[in-house]
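Consider the single chain below, provided in structure tokens and representing the form predicted on its own.
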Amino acid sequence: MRSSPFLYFFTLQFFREYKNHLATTVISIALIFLLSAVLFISSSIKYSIDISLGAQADFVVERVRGGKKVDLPIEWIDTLLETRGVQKVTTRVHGRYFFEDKREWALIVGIDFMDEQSNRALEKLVESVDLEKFLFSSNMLVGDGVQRYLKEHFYPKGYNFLTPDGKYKKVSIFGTIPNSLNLMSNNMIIMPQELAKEILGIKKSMVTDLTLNVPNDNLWDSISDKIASLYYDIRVLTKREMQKAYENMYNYKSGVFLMLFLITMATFVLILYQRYSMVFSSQRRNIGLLRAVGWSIRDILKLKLYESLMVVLVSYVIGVSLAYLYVFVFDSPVLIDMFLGGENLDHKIKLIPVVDFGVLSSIFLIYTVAFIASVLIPTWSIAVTDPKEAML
């Protein structure tokens, strides 16, 4: 059979039965859209976190008592520097501050703007800040979520923080944190360390934790053990552990969606298989007529294969395109809260476009094979029957 008449007949047949394909295409688009959107969000979040953690120090040293993290003395710096292989120990000050309604909170981060490690972690931020003006008085940089909250509560230019000793400390808004850092800084407030200590009630001789670098990766395990043995209440976290913790968290969330997708797709394929397996007079009669006029079983399977591929390709392209627009253009409303959590300030972030073509290719192959199999198997069972019997 020549290909030109076959393709002509396929085109006529496909558009003649477009109503039968429409419902299948819509469901396929919805399934591919949801899964692609989830994978786009997960990939973008993990990419942003990898960038943020990549600029962080190799180790974080904390003090834990009674299972609760507490402040530690600055004097620990001298002890840590005596450990062979340790370089550049830096202090960090941070803590939650609950606003007046006690429902929303912000993460206050005290930065030593003269410290090289801190500047490297917030390089884009520091470039846009006039440090002379910023450090001249009590100023802060706020994330988008904090800025929206303060404006809604009539604090457009600054906020009066209530310190633990019952006094108010007025801090002016110097600027907002760049959108490129928004994923990690939506509810963040950045200010000088001394000011952060005053608001959080941290003594001048104390800090929240310490960070340090170990240039030789092969010494990480041994140095971690040495540091952990210095004090009974010390806890050491490595950059690898923090990266793994974030990956596990977002892989778990995306894995839940993947499980739901597989269950839904399996149900859809079974319904599709049942639809083609049922003895519909029109389907059987059409196949019987084609067999009666000289079409082989191979030609009939080829026709149904082309129809299935057309549905799959259209569904996949539209589904993935809609997911890309939904996530990276419209900022993925609703779904983003499932990943980042909605218990605090609203997240209105701009995700970095990241597309994992390997994962998208796997989705296409898995969906295509399952879809085509659910159509071709029942079609073959009808095509092998006698044409007279099929047309009855």
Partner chain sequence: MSEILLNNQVIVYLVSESILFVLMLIALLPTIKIVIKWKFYSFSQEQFALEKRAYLVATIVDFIFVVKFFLLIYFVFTIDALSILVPGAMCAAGVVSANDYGMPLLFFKLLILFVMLLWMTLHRYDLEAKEYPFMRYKSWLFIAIFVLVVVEMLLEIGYFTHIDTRRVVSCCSALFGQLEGANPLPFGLDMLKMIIRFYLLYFVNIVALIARYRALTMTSSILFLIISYYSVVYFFGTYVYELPTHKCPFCMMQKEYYFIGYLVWGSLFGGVSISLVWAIMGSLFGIDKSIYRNISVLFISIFVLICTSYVVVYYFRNGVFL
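Residue numbers count along the first chain shown, from 1. In this text, all values refer to a predicted model and were calculated from it rather than measured experimentally. Think of the rigid core as the biggest set of C-alphas that the two forms share within 1.5 Å after superposition.
Keep in mind that the form predicted in complex with the partner chain is not shown, yet the notes after this line are about it.
S.K.: Under a 4.5 angstroms heavy atom criterion, identify the one residue in Lys204, Arg103, Arg298, Lys151 near the partner chain in the model of the complex.
M.R.: Flagged contact: Arg298.
S.K.: Just to be sure I understand the contacts: of Leu262, Leu219, Ile234, Leu80, which is the one whose heavy atoms reach within 4.5 angstroms of the partner chain in the model of the complex?
M.R.: By the 4.5 Å criterion, the partner-contacting residue is Leu262.
S.K.: Taking Leu39, Glu247 and Ala370 as the candidate spot, are all three within 4.5 angstroms of the partner chain in the model of the complex by heavy atoms?
M.R.: Each of the three qualifies.
S.K.: At the 4.5 Å heavy atom threshold, is Val129 in contact with the partner chain in the model of the complex?
M.R.: No - in the model of the complex, heavy atoms of Val129 and the partner chain never come within 4.5 Å of each other.
S.K.: Should Gly175 be classed as touching the partner chain in the model of the complex when contacts are defined as heavy atoms within 4.5 Å?
M.R.: No.
S.K.: Can you work out whether Phe330 and the partner chain are in contact in the model of the complex, taking contact to mean some heavy atom pair no more than 4.5 Å apart?
M.R.: Result no; Phe330 lies far from the partner chain in the model of the complex.
S.K.: Val26: heavy atom within 4.5 Å of the partner chain in the model of the complex?
M.R.: Looking in the model of the complex, residue contacts with the partner chain do not include Val26, since no heavy atom lies within 4.5 Å.
S.K.: Out of 360-376, which residues reach within 4.5 Å of the partner chain in the model of the complex, heavy atoms considered?
M.R.: Those in contact are Ser361, Ser362, Leu365, Ile366, Val369, Ala370, Ile372, Ala373, Leu376.
S.K.: Align both forms on the core first, then report whether Val359 has a C-alpha shift of 2 Å or more between this form and the one not shown.
M.R.: Yes; Val359 is a residue whose C-alpha shifts (by 2 Å or more) between this form and the one not shown when the cores are overlaid.
S.K.: Relative to the superposed rigid core, does Ser308 relocate between this form and the one not shown - that is, does its Cα move 2 Å or more?
M.R.: After core superposition, the C-alpha of Ser308 moves 2 Å or more between this form and the one not shown.
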